[in-house]
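Quick heads-up: it's one chain on its own, the form predicted alone, in structure tokens.
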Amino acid sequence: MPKCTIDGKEVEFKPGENLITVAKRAGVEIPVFCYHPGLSVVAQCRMCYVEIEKMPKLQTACSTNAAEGMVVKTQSDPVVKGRAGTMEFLLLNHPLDCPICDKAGECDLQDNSFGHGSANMRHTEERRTYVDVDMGPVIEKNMNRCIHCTRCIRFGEEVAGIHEMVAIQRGNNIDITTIDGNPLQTEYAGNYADICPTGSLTLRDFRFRKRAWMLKKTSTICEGCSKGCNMEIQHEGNVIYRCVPRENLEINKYWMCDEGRMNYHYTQDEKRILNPRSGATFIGWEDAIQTLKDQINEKPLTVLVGSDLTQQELENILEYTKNYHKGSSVYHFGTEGVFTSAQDLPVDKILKMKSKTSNLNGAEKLGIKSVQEMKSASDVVLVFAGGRANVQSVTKKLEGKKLIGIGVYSLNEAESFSMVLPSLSFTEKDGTIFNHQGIEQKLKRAIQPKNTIKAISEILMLTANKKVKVGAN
């Protein structure tokens, strides 16, 4: 492979790689603003200046491809002065509102100002100000903080596939806004906040809720559809504050849809059932397990499992029915109109899939048939769901049957069931899922279960064991 030298280190590179990528592999971080690996290169912020031997002027590393024998310096005096000048220019109009900005603590402008800027400012003129337009329910705009990197404009055109962000006017009067001041139309608007290097575009859902440095971060998988986007749950004090995408070039690259990003809200909804419920009455676990035993009584059952459950939960249910309810039938359900992985097609050209459950592929791998193949049902039906499976689509077909729900249910859904036993949501458990491509991925617990919620495996164990006494937790 060809080689170049960066700050005295000899580095191999693939033809066509730019200096930012090659330097990062060598452990050298080149500061950037406008550059993003998932977007086109425009080289307009000038923050990534480097000095290259035999070139008379500083070059932008994002737009310069590595070449055989190239010698690059990222810390020379001209580079340091060039970056300091760029930082001074970018801060001319930036407001001093870091203490109230949601981006504080994870802001590229803060980091680069500290690492490459100057403590002195020669600018004495009044800073410009803007009155911002409403950008819809996802993004809050503050143009006063904008540094004109145009990442948002390029994301809309190149990734979201919608030309909705534009730069109007020029020079000191430039304004990054939506066309005609309309609200954002894309269903991937949350990514605007992710890629914005300052606090100019922030999430309304996260606004003023928690400082970034207080958040704990758990790497897991989005359960919003069968794509299985890699994401990070950010939480503190057993409360989830936001979800953001994690880079996975094979599955979701750098992005995430708004539906998946906001999906965690149902796990913290006040209508979620957190204690066992019989009819309209909440009961203790000991009474709930005994009632469940009395109603199912080791006889053959119809068991419906949501394709939003993990592989381990599905295996536990299959093992339980095989050992304690011989002759039972197990069917999977999830998204109305999507009964097999063959019917699970892309909704758009970016990430979304038709199946709104994350483990349809995994249910099929275990040989579980679709609920569409169910001809009849037993008098008592067990319905296991993880939160995303469309429960109402199956309860409508089972009128007159005694339904027992085990899993994540809301008070509205509970009206169809004679009894509900609450279990873990995707934010509260570890497990395996298979996305629509058949790629195996791991869910990871971010927060502790609320109240006396129990895992499905524990509920099955207690139901199977006649001598076990149920504790409070």
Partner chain sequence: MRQNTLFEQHFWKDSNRSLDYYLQNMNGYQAAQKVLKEMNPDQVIEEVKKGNLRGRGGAGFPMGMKWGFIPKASEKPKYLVCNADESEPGTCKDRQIMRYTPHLLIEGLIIGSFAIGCKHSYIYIRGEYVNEAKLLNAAIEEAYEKGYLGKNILGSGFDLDITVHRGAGAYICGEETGLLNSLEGKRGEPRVKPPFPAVSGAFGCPTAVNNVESIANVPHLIRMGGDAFAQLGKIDKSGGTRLISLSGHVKKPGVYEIQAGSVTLRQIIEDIGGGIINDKKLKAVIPGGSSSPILTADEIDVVYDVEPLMKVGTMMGSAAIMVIHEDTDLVKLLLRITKFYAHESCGQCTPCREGCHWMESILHKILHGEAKPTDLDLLVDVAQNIGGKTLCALGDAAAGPVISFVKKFRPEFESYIKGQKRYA
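Residue numbers count along the first chain shown, from 1. Quick caveat: nothing in here was measured; it's all calculated off a predicted structure.
Separately, the form predicted in complex with its partner chain exists; it is not shown, and the next lines address it.
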Does E298 reach its partner chain in the predicted bound form if we count a contact as any heavy atom within 4.5 Å? no
Whether I406 contacts its partner chain in the predicted bound form should be assessed with a 4.5 Å heavy atom distance threshold; does it? no
Even though the partner isn't displayed, in the predicted bound form is Y49 close enough to its partner chain, meaning a heavy atom within 4.5 Å? yes
Since only the chain is shown here, I'm wondering whether G171 would be in contact with its partner chain in the predicted bound form (any heavy atom pair within 4.5 Å). yes
In the predicted bound form, which of the listed residues (I147, I350, V138, A377) lies with a heavy atom within 4.5 Å of its partner chain? I147
Assert contact residue (its partner chain, in the predicted bound form, non-hydrogen atom within 4.5 Å, options Y324, Y266, F282, F89) equals F89
Spot the stretch among 200 to 208, 256 to 264, 92 to 100, 392 to 400 with residues whose non-hydrogen atoms come within 4.5 Å of its partner chain in the predicted bound form. 92 to 100
Run the contact test on S63, H123 and R128 with a 4.5 Å heavy atom cut-off to its partner chain in the predicted bound form and return yes or no. yes
Contacts with its partner chain in the predicted bound form - residues in 28 to 45 whose heavy atoms fall within 4.5 Å: V41, V42, A43, Q44, C45
